[in-house]
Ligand code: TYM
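Quick setup: one chain, the form predicted alone, written in structure tokens, and binding and motion questions come after.
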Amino acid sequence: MVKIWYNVVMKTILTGIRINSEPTLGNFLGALLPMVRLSNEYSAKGWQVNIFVPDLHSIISDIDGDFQKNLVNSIKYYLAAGLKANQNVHFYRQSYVPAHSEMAWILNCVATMGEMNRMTQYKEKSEGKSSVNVGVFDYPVLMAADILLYSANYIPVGEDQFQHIELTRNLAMRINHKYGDILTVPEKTEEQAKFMGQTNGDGIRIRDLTNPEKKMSKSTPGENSKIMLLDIPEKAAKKIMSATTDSYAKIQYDMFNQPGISNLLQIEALINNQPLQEVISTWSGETHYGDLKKQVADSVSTFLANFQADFSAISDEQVYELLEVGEQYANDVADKKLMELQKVFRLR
């Protein structure tokens, strides 16, 4: 009886860790840290949390630095951020689970050219280019395989990936309609957003320090525009001190008219795990931007020093041990689901 109850209520959260380059502070605060908190909360309740390295996805584009080092570091970032590794948290490399590739091919035979041509990410990534690799066009199908193999209910992603979640849902429902309830259909994007605390488009978006109209991005060429997780703390503090603000001479939270100042307030709140409104109230009406910059620079510097100490304390061997255990789990779960699909397609 207990076993049946567990199987009914257990859900799965799945997320991938990009390994193309070192994350920014924006990546950390906007995506990695919220995922760590979700993982710790729900894995403690018995949910399965799959954190995989999408190395197959990563080779679609150029990779900065040492691929394998980036791969190991990507997991260290999560652990240094406070992720509690337990029996319900599973790390694995996508390429070490062959079912991902075979499932993607089967789903390719279900997806249509029409729906793939409508993918906004493909349009954006191919715009102005005479040629792009097929992976850029097809990776949403591989993403669907990543999700459906593990019966994932929630997939914490940015809004730019919601279209791919909808594709995944459509492919799953198409197969289920024809062959029976074989695949778990992920929650609708509205429910995904609620689960991640992103209602009414209010997800965390850390802004570019030199052009706060844009979000902080590792691809932006200017060094002072972004803070990297492994930046020297003193260097990061200087970037905060030189951040673009405005001429209003009044500290208030207004992302439309004062995105630079609002961004600093947001960073201060998130770095110190304080409610944003509390930080806003503390600084509301103050006129000296330099004082706020100094406070945020100190907070960022302290955070980076502590984070980097925790990061350095994690050995490569610890990461590979986690991967070995996680990949045994992942192959077992993925192979069983793939076998179900192969049978209905008469491949077995």
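We call the rigid core whatever largest set of C-alpha positions still superposes within 1.5 Å between the two forms. Keep in mind that what you see is a predicted model, and the values were worked out from it rather than measured. The first residue of the shown sequence is 1; numbering continues from there.
This next part talks about the form predicted in complex with this ligand, which is not shown.
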Note: exactly one of 111, 157, 85, 271 sits with a heavy atom within 4.5 Å of this ligand in the model of the complex, namely 157
Looking at 253, 96, 139, 122, which is the one with a non-hydrogen atom within 4.5 Å of this ligand in the model of the complex?
139
Just to confirm, residue 36 within 4.5 Å of this ligand in the model of the complex by heavy atoms?
no
Is there any non-hydrogen atom of residue 18 lying within 4.5 Å of this ligand in the model of the complex?
yes
According to a 4.5 angstroms non-hydrogen atom cut-off, is residue 204 in contact with this ligand in the model of the complex?
yes
Does at least one non-hydrogen atom of residue 161 fall within 4.5 angstroms of this ligand in the model of the complex?
yes
Only one of 281-289, 28-36, 308-316, 294-302 gets a heavy atom within 4.5 Å of this ligand in the model of the complex; which is it?
28-36
Relative to this ligand in the model of the complex, which residues of 134-154 have a heavy atom no more than 4.5 Å away?
139, 143, 146, 147
Spell out whether the Cα of residue 31 moves at least 2 Å between the shown form and the other one when the two forms are superposed on their rigid core.
yes
Core-aligned, does residue 74 move its Cα 2 Å or more between the shown form and the other one?
no
With both forms fit on the core, has residue 111 moved 2 Å or more by CA between the shown form and the other one?
no
